[in-house]
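Quick setup: one chain, the form predicted on its own, written in structure tokens, and binding and motion questions come after.
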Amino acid sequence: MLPQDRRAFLKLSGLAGVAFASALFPGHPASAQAADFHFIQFSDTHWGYRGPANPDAEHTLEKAVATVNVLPNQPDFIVFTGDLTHTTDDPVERRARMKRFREIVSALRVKDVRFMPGEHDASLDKGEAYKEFFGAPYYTFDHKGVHFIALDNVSDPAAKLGDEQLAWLAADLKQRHADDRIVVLTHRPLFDLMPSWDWTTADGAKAIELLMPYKNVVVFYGHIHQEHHQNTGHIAHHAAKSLIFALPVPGSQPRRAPLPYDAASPGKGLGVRDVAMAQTAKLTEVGISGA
């Protein structure tokens, strides 16, 4: 059962969402080091987008920040899994959008906020502007017995992690035990979801191969602007909805284009994710519809 304040969060936001209650790692009891906590995943906020798919795009992120700030049970941290800003060919405008995005999210009560680039942020200049504002595009951190790995599969225009990052990942994983709890954060899916729509990572299979020896791995990603769940072996991959506009089901139409705005249901297809880590052994998905 979801705590009432997190139910209220998803309802107050006016967005549909999925919360992962109970343990992140089904079938494996939590270790003594793994304490209860929850974090919020925002993805694909596309600050700077202007278009019919979201007439309120200029204010959506501000409203989401305000909603998080009134949660009685604040998350331990917040992660933005890419496409913080909407793409632009103008490097001056790109930096202006990143500056404004950073200003908006600086109002969050939770100060442990993690960022990752999306291709809209990084592919045109190989992440140069992104690094000026947000630092390293890939990194690790640990929180209450869980090891988090943020990967960058967008700064390379070819949608690759690249040999250098894969070697870095391999070196990090060598320090882990086979039963360590590992959460991987990416923007693009690591597996081939829909390559013709750029919903893949060219060398993602190599990353999955490196992760396979570890029993407790889950991947959270963005990019596809919709909820999607898939397994590669025992590794579960969960896509997050966008905060700004929805995209169609993979292969459901010839072109990948934003779904039309529905004035009768302005939050339709949009969402955030609340991920709860608990010392239980079952993963439960709970769908919450918008207010």
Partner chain sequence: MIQRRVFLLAAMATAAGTVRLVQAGTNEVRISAKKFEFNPAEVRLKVGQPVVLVLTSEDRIHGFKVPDLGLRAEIVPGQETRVALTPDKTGQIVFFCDVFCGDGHEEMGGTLIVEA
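Positions refer to the first chain, counted from 1. Keep in mind it's a predicted model, so treat the numbers as computed, not measured.
One more form of this protein should be noted, the form predicted together with its partner chain, which is absent from this view; the next part is about it.
Colleague: Non-hydrogen atoms within 4.5 angstroms of its partner chain in the predicted bound form: do H86, D89 and T200 all have one?
Modeller: Contact check passed for all of H86, D89 and T200.
Colleague: Only one of these stretches, 105-113, 170-178, 150-158, 213-221, has heavy atoms within 4.5 Å of its partner chain in the predicted bound form; which one is it?
Modeller: Among the candidates, contact is made by 150-158.
Colleague: Exactly one residue in Q74, T140, Q165, S123 has a non-hydrogen atom within 4.5 Å of its partner chain in the predicted bound form; which is it?
Modeller: The option sitting close enough to the partner is S123.
Colleague: Does its partner chain come within 4.5 Å of any heavy atom of P195 in the predicted bound form?
Modeller: Looking in the predicted bound form, residue contacts with its partner chain include P195, since a heavy atom lies within 4.5 Å.
Colleague: So, in the predicted bound form, is H228 in contact with its partner chain at a 4.5 angstroms heavy atom limit?
Modeller: Result no; H228 lies far from its partner chain in the predicted bound form.
Colleague: Would you check, heavy atoms only and a 4.5 Å threshold, whether K63 touches its partner chain in the predicted bound form?
Modeller: Output for K63 is no: heavy atoms all beyond 4.5 Å of its partner chain.
Colleague: Decide whether H38 counts as a contact residue for its partner chain in the predicted bound form under a heavy atom distance cut-off of 4.5 Å.
Modeller: Because no heavy atom of H38 falls inside 4.5 Å of its partner chain in the predicted bound form, the answer is no.
Colleague: Which residues, if any, of 95-118 lie within 4.5 Å of its partner chain in the predicted bound form when only heavy atoms count?
Modeller: Heavy-atom contacts within 4.5 Å come from no residue here.
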